[in-house]
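Take a look at this one chain, the form predicted on its own, written out in C-alpha coordinates.
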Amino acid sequence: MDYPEIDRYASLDSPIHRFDPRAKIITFVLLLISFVFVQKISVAFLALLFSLLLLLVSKLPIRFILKRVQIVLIFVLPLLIIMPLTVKGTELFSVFGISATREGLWYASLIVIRSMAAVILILTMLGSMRFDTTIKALYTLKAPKTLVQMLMFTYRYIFVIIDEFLSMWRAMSAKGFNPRTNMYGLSVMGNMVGMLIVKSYERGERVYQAMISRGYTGNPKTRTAFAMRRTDYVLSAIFVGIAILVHINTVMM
(Lines give C-alpha, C1' and ligand atoms only; values in the text may rest on other atoms or scores of the structure.)
Protein backbone atom coordinates (compact mmCIF):
# COMPACT_ATOMS: atom_id res chain seq x y z
CA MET A 1 0.00 0.00 0.00
CA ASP A 2 1.17 3.54 -0.76
CA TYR A 3 1.10 5.16 2.68
CA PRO A 4 0.44 8.91 2.77
CA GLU A 5 3.54 9.91 4.75
CA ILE A 6 3.69 13.66 5.09
CA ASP A 7 7.49 13.58 5.51
CA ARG A 8 8.30 11.37 2.53
CA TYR A 9 10.46 14.08 0.94
CA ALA A 10 12.00 15.46 4.12
CA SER A 11 15.46 14.30 3.00
CA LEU A 12 15.58 16.73 0.05
CA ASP A 13 18.01 19.62 0.14
CA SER A 14 16.57 23.13 -0.13
CA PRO A 15 16.62 26.41 1.85
CA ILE A 16 13.26 25.45 3.34
CA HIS A 17 14.54 22.01 4.37
CA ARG A 18 17.62 23.58 5.98
CA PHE A 19 15.53 26.19 7.81
CA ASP A 20 15.68 25.62 11.59
CA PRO A 21 12.53 23.60 12.54
CA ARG A 22 11.66 25.82 15.49
CA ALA A 23 11.91 29.02 13.48
CA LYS A 24 10.10 27.35 10.59
CA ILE A 25 7.11 26.41 12.73
CA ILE A 26 6.85 29.87 14.32
CA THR A 27 7.22 31.86 11.08
CA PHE A 28 4.99 29.60 9.00
CA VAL A 29 2.27 29.72 11.65
CA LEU A 30 2.47 33.53 11.66
CA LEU A 31 2.18 33.54 7.86
CA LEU A 32 -0.73 31.12 8.08
CA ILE A 33 -2.62 33.31 10.55
CA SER A 34 -2.02 36.39 8.40
CA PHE A 35 -3.16 34.66 5.20
CA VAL A 36 -6.42 33.27 6.57
CA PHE A 37 -7.58 36.71 7.74
CA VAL A 38 -6.94 38.52 4.44
CA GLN A 39 -9.97 40.55 3.33
CA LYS A 40 -8.91 41.52 -0.22
CA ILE A 41 -8.87 39.08 -3.11
CA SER A 42 -5.80 40.81 -4.56
CA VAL A 43 -3.85 40.34 -1.32
CA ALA A 44 -5.14 36.78 -0.96
CA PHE A 45 -3.93 36.03 -4.48
CA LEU A 46 -0.49 37.43 -3.60
CA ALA A 47 -0.48 35.20 -0.51
CA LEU A 48 -1.28 32.21 -2.73
CA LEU A 49 1.58 33.13 -5.07
CA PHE A 50 3.94 33.45 -2.11
CA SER A 51 2.90 30.00 -0.86
CA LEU A 52 3.53 28.57 -4.33
CA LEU A 53 6.92 30.29 -4.40
CA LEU A 54 7.88 28.65 -1.10
CA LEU A 55 6.68 25.32 -2.50
CA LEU A 56 8.92 25.71 -5.55
CA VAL A 57 11.89 26.72 -3.39
CA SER A 58 11.35 23.66 -1.18
CA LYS A 59 11.63 21.36 -4.25
CA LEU A 60 8.73 19.24 -3.00
CA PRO A 61 7.05 17.38 -5.88
CA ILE A 62 3.98 19.24 -7.11
CA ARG A 63 2.07 15.95 -7.40
CA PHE A 64 2.77 15.25 -3.71
CA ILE A 65 1.07 18.53 -2.76
CA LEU A 66 -1.77 18.29 -5.29
CA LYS A 67 -2.88 14.89 -3.96
CA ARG A 68 -3.47 16.49 -0.56
CA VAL A 69 -4.87 19.77 -1.85
CA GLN A 70 -7.57 17.84 -3.72
CA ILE A 71 -9.12 16.81 -0.41
CA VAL A 72 -9.50 20.46 0.61
CA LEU A 73 -10.90 21.42 -2.81
CA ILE A 74 -13.72 18.91 -2.34
CA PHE A 75 -14.95 21.00 0.59
CA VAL A 76 -14.25 24.56 -0.60
CA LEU A 77 -15.10 24.49 -4.32
CA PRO A 78 -18.86 23.93 -3.68
CA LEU A 79 -18.82 27.35 -2.00
CA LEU A 80 -18.42 28.91 -5.47
CA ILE A 81 -21.91 27.58 -6.21
CA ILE A 82 -23.59 27.84 -2.82
CA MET A 83 -22.53 31.32 -1.69
CA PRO A 84 -23.52 33.25 -4.85
CA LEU A 85 -26.99 31.75 -4.48
CA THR A 86 -27.36 32.45 -0.74
CA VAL A 87 -25.54 35.76 -0.07
CA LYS A 88 -27.60 38.86 -0.76
CA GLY A 89 -26.20 41.57 -2.98
CA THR A 90 -25.91 42.79 -6.56
CA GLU A 91 -27.45 40.32 -8.97
CA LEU A 92 -25.11 38.84 -11.58
CA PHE A 93 -27.63 36.61 -13.35
CA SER A 94 -30.86 34.77 -12.67
CA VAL A 95 -31.93 31.29 -13.78
CA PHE A 96 -35.48 30.03 -13.15
CA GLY A 97 -35.95 32.71 -10.51
CA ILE A 98 -32.72 31.81 -8.68
CA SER A 99 -30.31 34.74 -8.49
CA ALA A 100 -26.55 34.67 -8.14
CA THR A 101 -24.94 37.70 -6.51
CA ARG A 102 -21.63 39.42 -7.06
CA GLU A 103 -20.96 39.59 -3.30
CA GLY A 104 -21.54 35.85 -2.88
CA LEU A 105 -19.08 35.05 -5.65
CA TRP A 106 -16.58 37.49 -4.14
CA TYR A 107 -16.75 35.92 -0.67
CA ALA A 108 -16.55 32.40 -2.10
CA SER A 109 -13.52 33.26 -4.23
CA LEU A 110 -11.82 34.87 -1.23
CA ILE A 111 -12.37 31.76 0.90
CA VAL A 112 -11.09 29.40 -1.80
CA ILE A 113 -7.94 31.45 -2.47
CA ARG A 114 -7.17 31.84 1.24
CA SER A 115 -7.73 28.13 1.82
CA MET A 116 -5.37 27.15 -0.99
CA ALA A 117 -2.68 29.54 0.26
CA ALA A 118 -2.95 28.21 3.81
CA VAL A 119 -2.99 24.53 2.82
CA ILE A 120 0.00 24.84 0.47
CA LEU A 121 1.89 26.75 3.16
CA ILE A 122 1.26 24.16 5.88
CA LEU A 123 2.04 21.23 3.56
CA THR A 124 5.32 22.89 2.57
CA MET A 125 6.22 23.28 6.22
CA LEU A 126 5.35 19.72 7.24
CA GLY A 127 6.70 18.14 4.06
CA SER A 128 10.14 19.67 4.53
CA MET A 129 10.73 18.20 8.01
CA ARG A 130 10.88 14.66 9.33
CA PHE A 131 7.90 14.04 11.55
CA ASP A 132 10.01 13.16 14.58
CA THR A 133 11.87 16.45 14.08
CA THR A 134 8.56 18.32 13.97
CA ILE A 135 7.52 16.65 17.22
CA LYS A 136 10.81 17.55 18.92
CA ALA A 137 10.55 21.14 17.67
CA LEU A 138 7.02 21.44 19.08
CA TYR A 139 8.22 20.05 22.38
CA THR A 140 11.15 22.51 22.41
CA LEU A 141 8.72 25.37 21.75
CA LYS A 142 6.81 24.31 24.91
CA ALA A 143 3.72 23.06 23.10
CA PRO A 144 1.38 21.16 25.47
CA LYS A 145 2.86 17.71 26.16
CA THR A 146 -0.48 15.99 25.79
CA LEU A 147 -1.06 17.50 22.34
CA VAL A 148 2.46 16.65 21.17
CA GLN A 149 2.16 13.04 22.30
CA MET A 150 -1.28 12.70 20.71
CA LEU A 151 0.16 13.89 17.39
CA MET A 152 3.12 11.55 17.71
CA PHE A 153 1.09 8.42 18.48
CA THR A 154 -1.61 9.25 15.95
CA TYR A 155 0.90 9.52 13.14
CA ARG A 156 2.81 6.44 14.31
CA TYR A 157 -0.21 4.12 14.55
CA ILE A 158 -2.57 5.44 11.89
CA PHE A 159 -0.78 3.21 9.39
CA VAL A 160 -1.13 0.20 11.69
CA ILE A 161 -4.87 0.86 11.90
CA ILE A 162 -5.06 1.18 8.10
CA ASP A 163 -3.34 -2.20 7.75
CA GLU A 164 -5.76 -3.70 10.28
CA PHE A 165 -8.73 -2.32 8.36
CA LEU A 166 -7.43 -3.63 5.02
CA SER A 167 -6.78 -7.05 6.54
CA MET A 168 -10.36 -7.22 7.86
CA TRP A 169 -11.72 -6.00 4.52
CA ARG A 170 -9.79 -8.66 2.57
CA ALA A 171 -11.05 -11.35 4.94
CA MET A 172 -14.65 -10.20 4.45
CA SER A 173 -14.22 -10.01 0.67
CA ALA A 174 -12.72 -13.52 0.60
CA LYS A 175 -15.88 -14.78 2.31
CA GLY A 176 -18.06 -13.23 -0.38
CA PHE A 177 -19.16 -9.99 1.27
CA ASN A 178 -20.29 -7.26 -1.15
CA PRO A 179 -20.80 -3.79 0.37
CA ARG A 180 -24.39 -2.64 -0.06
CA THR A 181 -26.60 -0.01 1.53
CA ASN A 182 -29.19 -2.48 2.83
CA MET A 183 -29.62 -3.38 6.49
CA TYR A 184 -27.34 -6.42 6.27
CA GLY A 185 -24.52 -4.48 4.58
CA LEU A 186 -24.73 -1.60 7.05
CA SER A 187 -24.81 -4.04 9.97
CA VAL A 188 -21.65 -5.80 8.78
CA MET A 189 -19.86 -2.50 8.22
CA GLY A 190 -20.90 -1.30 11.67
CA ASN A 191 -19.57 -4.49 13.27
CA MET A 192 -16.28 -4.09 11.40
CA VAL A 193 -15.86 -0.49 12.57
CA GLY A 194 -16.68 -1.57 16.13
CA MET A 195 -14.10 -4.35 16.01
CA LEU A 196 -11.53 -1.90 14.65
CA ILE A 197 -12.18 0.49 17.56
CA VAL A 198 -11.87 -2.32 20.10
CA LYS A 199 -8.63 -3.60 18.55
CA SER A 200 -7.23 -0.07 18.49
CA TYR A 201 -8.05 0.41 22.16
CA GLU A 202 -6.48 -2.91 23.14
CA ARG A 203 -3.38 -2.15 21.06
CA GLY A 204 -3.10 1.25 22.72
CA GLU A 205 -3.18 -0.36 26.17
CA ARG A 206 -0.47 -2.86 25.22
CA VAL A 207 1.74 -0.15 23.70
CA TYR A 208 1.30 2.07 26.75
CA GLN A 209 2.25 -0.69 29.18
CA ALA A 210 5.24 -1.67 27.02
CA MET A 211 6.51 1.91 26.88
CA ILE A 212 6.08 2.46 30.62
CA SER A 213 8.02 -0.75 31.34
CA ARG A 214 10.86 0.60 29.18
CA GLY A 215 11.07 3.86 31.06
CA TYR A 216 9.19 6.20 28.72
CA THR A 217 8.80 9.62 30.33
CA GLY A 218 6.82 11.45 27.64
CA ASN A 219 9.78 13.41 26.30
CA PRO A 220 10.47 12.85 22.59
CA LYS A 221 14.10 12.01 21.82
CA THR A 222 15.84 12.30 18.46
CA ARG A 223 19.41 12.72 17.28
CA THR A 224 18.50 15.99 15.59
CA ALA A 225 20.32 18.96 17.11
CA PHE A 226 18.77 22.41 16.65
CA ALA A 227 21.02 25.40 16.03
CA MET A 228 20.02 28.76 14.56
CA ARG A 229 22.30 30.03 11.78
CA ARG A 230 22.57 33.42 10.12
CA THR A 231 20.38 32.31 7.20
CA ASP A 232 17.72 31.15 9.66
CA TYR A 233 17.56 34.60 11.21
CA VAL A 234 17.35 36.21 7.77
CA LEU A 235 14.54 33.92 6.62
CA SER A 236 12.72 34.43 9.93
CA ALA A 237 12.93 38.20 9.55
CA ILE A 238 11.64 38.04 5.96
CA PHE A 239 8.71 35.77 6.79
CA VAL A 240 7.73 37.72 9.91
CA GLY A 241 7.94 40.97 7.92
CA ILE A 242 5.63 39.58 5.24
CA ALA A 243 3.19 38.37 7.90
CA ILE A 244 3.17 41.83 9.52
CA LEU A 245 2.62 43.58 6.16
CA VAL A 246 -0.31 41.31 5.36
CA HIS A 247 -1.77 41.87 8.83
CA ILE A 248 -1.39 45.66 8.54
CA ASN A 249 -3.09 45.58 5.15
CA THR A 250 -5.98 43.61 6.67
CA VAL A 251 -6.35 45.90 9.71
CA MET A 252 -6.28 49.12 7.64
CA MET A 253 -9.19 48.05 5.45
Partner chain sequence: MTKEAVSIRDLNYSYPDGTVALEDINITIEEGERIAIIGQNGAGKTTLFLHLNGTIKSCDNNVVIFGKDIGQMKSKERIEKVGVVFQDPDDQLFMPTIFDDVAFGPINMGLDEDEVERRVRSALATVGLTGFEDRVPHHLSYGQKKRAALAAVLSMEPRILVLDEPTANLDPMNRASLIELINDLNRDKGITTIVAMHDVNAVSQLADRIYVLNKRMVAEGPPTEIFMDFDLLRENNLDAPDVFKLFSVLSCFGFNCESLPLSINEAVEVLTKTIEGDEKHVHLHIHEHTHEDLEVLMHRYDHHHG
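Quantities reported herein were computed from a predicted structural model and do not represent experimental measurements. Numbering follows the first chain given and starts at 1.
Just so it is clear, the following notes concern the form predicted together with the partner chain, a form of the same protein that is not shown.
Although the partner is absent from this view, residue 90 stays clear of the partner chain in the predicted complex, with no non-hydrogen atom inside 4.5 angstroms.
Taking non-hydrogen atoms only, residue 227 never approaches the partner chain to within 4.5 angstroms in the predicted complex. Among residues of the shown chain, residue 94 is not one whose heavy atoms approach the partner chain to within 4.5 Å in the predicted complex. Contact check for residue 199: a heavy atom falls within 4.5 Å of the partner chain in the predicted complex. Using a 4.5 angstroms heavy atom cutoff to the partner chain in the predicted complex, none of 40, 49 and 102 count as contacting. Residues of 180 to 209 that come within 4.5 Å of the partner chain in the predicted complex, judged by any heavy atom, are 184, 188, 191, 195, 198, 199, 202, 203, 206, 207, 209 in sequence order.
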